Every structure is written in structure tokens, then in C-alpha cells.
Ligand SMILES: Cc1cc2nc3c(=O)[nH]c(=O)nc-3n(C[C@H](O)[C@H](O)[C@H](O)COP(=O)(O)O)c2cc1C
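A single chain comes next, written as C-alpha cells; it is the form predicted on its own.
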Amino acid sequence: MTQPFKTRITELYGIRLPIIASGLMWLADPVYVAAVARAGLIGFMTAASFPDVQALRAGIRRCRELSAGKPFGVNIMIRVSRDGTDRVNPLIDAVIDEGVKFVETAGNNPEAYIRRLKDAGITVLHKVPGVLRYVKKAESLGADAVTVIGFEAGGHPGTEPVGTMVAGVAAARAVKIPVIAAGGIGTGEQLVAALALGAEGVAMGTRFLVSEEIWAHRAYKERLVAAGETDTTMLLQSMRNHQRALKTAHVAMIQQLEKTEPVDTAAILPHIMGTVGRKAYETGEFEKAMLSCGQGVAFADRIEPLAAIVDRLEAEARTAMGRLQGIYQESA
């Protein structure tokens, strides 16, 4: 297979296209991540989706069996447990013991953990909102690469409304490590644009939600196919935990709760629990949950195998490159 793009990201991961399939809560399981690997990209299983560490270990082994020797990784959310339990180091123990070579960290500051991962020979990609101080911090801590998330992204894009176009350029100019642009990206044209901005790859999540390898209910995927760029909304701003999600009746109800003064956080919490979202993925009753979704849903236009999506992305990128070559006139 040909390699149309060569960047530090394709070299770092040994992948054919500079596209990262970021961790997806509940959905990035061994079947999906292995399909990503076989398609020439790299994906990350979400450690928090597994019920316990032993299940994660089994998931890593299963992914290795399915990935045909291609690279894959594990996403580890850096977070503080409400009850004080250390939920991060046991996950790091597992990825080290199981010989995982690539980890994506997200959430809180990874300073307490990144050296341990690096000492184990693991390549660390840290995901940050599109604010330069976070980008620079990731580099200073020793991250091998950084994903910069624009405000268009699904899930938690941070509290500052900085778009991908601005964040991508600013980050690429600010650090020496490779930058991956994310947020609203779902086409090959956007991949080419990101490379022009100075990024060395892109990350996609929402675009891949309609792949056949994602285990979620077909009714949910059909809703995504029907969605456009205005079918997402931002909520949880009152809690400074901004989340972009698919517009649903459940989300509208949460937003209404946020309008109360003072905001009743205790009343909101039961409606944003991860188990509520998982049930919706299982049943297809998407109107009853808050489901992360980025503006790139506009490009999720059909349900098909992940390999077919990747083929389309590559074809779009090749067309975009040809268009640029046709309009650029180098001066004599």
C-alpha cells in the first residue's frame, strides 16, 4: 500500500495516514480499535470503558489478536477519584505489563505519570484544549506529541472557545513536538488543511462513530447520519466542565436545569452519569442521554465499514492536494 503522506506522526506510530482515532468512551473497544489499526491509522482503546483492570488486560490481548500486527494504543484519563482511590496507576501497571507501546493521556495534568510511561518505553500523546499554556506544558513534561482540541470537538473541548483553525496554527508555532489538530475534522480536505496549518496529523472521533465496527445501536448511528453541523450543543458550562453533545431532549432538560440560580449541581449529576450514555448506545434511545458529538458529525453521512471511511478520507485528501497543486503558481 502506498503512503501518501509522510509526517513525524506517521513515523512516530508507523502508520500509513496521519490520522488518529482518539479514545471514545464506551465505544473504543478491541474490535473497533483493531479495525482502525488494519486500516492504516492508530486508535486508542478507552481504559475507563472497561469495568476493571483485568478486563482491560483482556481487551489489550484481544486487540493485539485482531490488529494483524498493526499499532494500537490505550487512552488513559488522568483524573482524581472522589473517594481518593488511585484509578490511574493500576491502569499504567496494566499497559506496561501487557507491552502496550502507545498511550494517549487526557484530562488532568499528567505530570505525576508521564515519566513512568516514558521510562517503560511508551510513546505518550497528550490531549489538551486549544490553549497554548496547555500545549507548552505537555511538551515540557516530555510528551512525544500533543493533540490540540478546538471548540468544535465533541466531548470536553475546554472552557475557552478557541476554534481548531486558530488552535492548530498557534500550537504548531509554539512547540517543537508534533501537533495533531482535532475538533470538527471529518474529511480528507480538512486533513490537508491541518497539514498546511503546521500540524502533522489530525484526530477524529465523531466521524468514525458511524462505522460498522462501533458496537452502538443502529438507530443512534442513523441519527448521526441525519445530523448536520448545527445539531450539537454545548452544555455543563455552569459546572465549568463544558461538553459538546448531540442535541437531544435529555440535553435540553440538562440545559434548562443549568439556568436555575443558583445552579443545582446535585440535580444535574444523575443525568450526566456515563452509565446513562452507555444505556443509550445499547438501546438506541439517544433522546434519553447526553452523548458526546462534534460538529464533524456533518460529514458522517453513511453507515459503512471503517476501512471504507478511511478509503474515502484518503481519496478526498488526494483530490484536495491535486486542487492545491493546480492553483499554486510559484514565482520564477
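In case it trips you up, residue 1 is the first one in the sequence shown, and so on. Since the structure is predicted, the reported quantities are computational estimates derived from the model, not experimental observations.
Quick note: we don't show the form predicted in complex with this ligand, though the next part is all about it.
4.5 angstroms heavy atom contact with this ligand in the predicted bound form for A320: No - in the predicted bound form, heavy atoms of A320 and this ligand never come within 4.5 Å of each other.
Residue contact check: G43 to this ligand in the predicted bound form, 4.5 Å heavy atom: Because no heavy atom of G43 falls inside 4.5 Å of this ligand in the predicted bound form, the answer is no.
Residue contact check: L24 to this ligand in the predicted bound form, 4.5 Å heavy atom: Yes, contact at 4.5 Å.
Close approach of T232 to this ligand in the predicted bound form, 4.5 Å, heavy atom: Close contact is absent here: in the predicted bound form, T232 is far from this ligand, nothing within 4.5 Å, heavy atoms only.
Triple contact flag A39, L191 and S211 to this ligand in the predicted bound form, non-hydrogen atom at 4.5 angstroms: No: none of A39, L191 and S211 comes within 4.5 Å of this ligand in the predicted bound form.
Contact segment among 129-137, 145-153, 93-101, 167-175, judged by heavy atoms lying within 4.5 Å of this ligand in the predicted bound form: In the other structure, the partner sits against 145-153.
The unique member of V179, L125, M204, V74 whose heavy atoms fall within 4.5 Å of this ligand in the predicted bound form: Contact check passes for M204.
Answer option from C293, A280, C63, A35, heavy atom within 4.5 Å of this ligand in the predicted bound form: Comparing distances to this ligand in the predicted bound form, the residue within 4.5 Å is C293.
Contacts with this ligand in the predicted bound form - residues in 163-195 whose heavy atoms fall within 4.5 Å: In sequence order, A182, G183, G184, I185 come within 4.5 Å of the partner.
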